[in-house]
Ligand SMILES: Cc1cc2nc3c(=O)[nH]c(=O)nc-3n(C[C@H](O)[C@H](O)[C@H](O)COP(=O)(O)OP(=O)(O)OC[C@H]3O[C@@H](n4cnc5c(N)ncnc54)[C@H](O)[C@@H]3O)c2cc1C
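Just the one chain here, laid out as structure tokens, in the form predicted on its own.
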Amino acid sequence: MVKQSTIEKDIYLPRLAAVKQADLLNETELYLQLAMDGEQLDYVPGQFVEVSLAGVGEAPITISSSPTQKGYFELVVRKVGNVTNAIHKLKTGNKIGIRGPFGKGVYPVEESKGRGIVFICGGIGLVPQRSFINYVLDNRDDYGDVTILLGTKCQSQRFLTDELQSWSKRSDVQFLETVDQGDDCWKGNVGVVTTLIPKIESKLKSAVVTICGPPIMYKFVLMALQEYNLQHEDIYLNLERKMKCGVGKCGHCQINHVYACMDGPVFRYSDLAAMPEAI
């Protein structure tokens, strides 16, 4: 049973972690394998850390690895601003600051046992979902059918391709992928991720569904799922994009009376239904 970690006593004090591996996955995504100095980072799928670089700043990044991996943890960082641009320049052996892990709203690791799970991922939304996906695959007998839907804008923006291929070859996983914009080199599905949903109709009947992707994707995925009469409490959405300070102080991620960084970043759809501005 995975246990949610206890946050360090001083939530504002970064601890050091060393870069064990840094690989550029495409033009905008960087894979980092990190190890804390003298300790283990205990976390559950869905939690995030605040990554800081001295003299540059800090950014919340969701952990992408499964807690079943020990001795290190993994992040995938998109280059979108000053902090993430600086992170992309990190090399093996560099040290960075880590606060966390943070987030009380996490993926339903225990609640989903014995049930099928459908992961719906859009673009960089694959990163946080990957933590839960690989946790489930490492504890495969505890879960029912596993279905992964992935949509990416175009082939050049795909990443973690070796891992995607390994999922596609597993007999105990249904992996479907699509790109919004096809080209001569892409032989797979073309269209947005919602075009894959009718292909897995039988898997949706009693499944838990988790969704993470660009904000516009949520509305259309939820509309598509309405046709299959899923219970809202069985749908989980990751709202990590709204976070900033990580501890509910800046108000950047406040949604009515909740904070994505404190109460999420993963929420049941049934809990968000009364907060339409959340999606």
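The first residue of the shown sequence is 1; numbering continues from there. Model, not experiment: these values are computed from the prediction.
Separately, the form predicted together with this ligand exists; it is not shown, and the next lines address it.
Asker: Using the spot this ligand takes in the predicted complex, and overlaying the site C-alphas onto this chain, is the pocket open or blocked (blocked: 3 or more ligand atoms within 2.4 Å of backbone or C-beta atoms)?
Answerer: By the 2.4 Å criterion, blocked.
Asker: Verify the flagged residues I133, A207 and T210 against this ligand in the predicted complex: is each one within 4.5 Å by a non-hydrogen atom?
Answerer: Per the other structure, none of I133, A207 and T210 touch this ligand.
Asker: K199: heavy atom within 4.5 Å of this ligand in the predicted complex?
Answerer: K199: no contact with this ligand in the predicted complex.
Asker: Please run the contact check for V80 against this ligand in the predicted complex: heavy atoms, 4.5 angstroms, yes or no?
Answerer: Yes, V80 lies within 4.5 Å of this ligand in the predicted complex.
Asker: My question is simply whether Q157 lines the interface with this ligand in the predicted complex - judged by any non-hydrogen atom within 4.5 Å.
Answerer: Result no; Q157 lies far from this ligand in the predicted complex.
Asker: Tell me, yes or no, whether A59 is in contact with this ligand in the predicted complex, where a contact means a heavy atom of each within 4.5 Å.
Answerer: Contact with this ligand, yes.
Asker: In the predicted complex, which of the listed residues (V118, V179, I124, V106) lies with a heavy atom within 4.5 Å of this ligand?
Answerer: When this ligand is considered in the predicted complex, the option within 4.5 Å is I124.
Asker: Counting non-hydrogen atoms within 4.5 angstroms of this ligand in the predicted complex, say which of V76, L150, V146, I96 makes the cut.
Answerer: Selected residue: V76.
Asker: Within 4.5 Å of this ligand in the predicted complex, counting heavy atoms only, one of 179-187, 80-88, 164-172, 135-143 shows up; tell me which.
Answerer: In the other structure, the partner sits against 80-88.
Asker: Where, within 174-204, is there a heavy atom within 4.5 Å of this ligand in the predicted complex? Residue list please.
Answerer: Heavy-atom contacts to this ligand in the predicted complex: nothing from 174-204.
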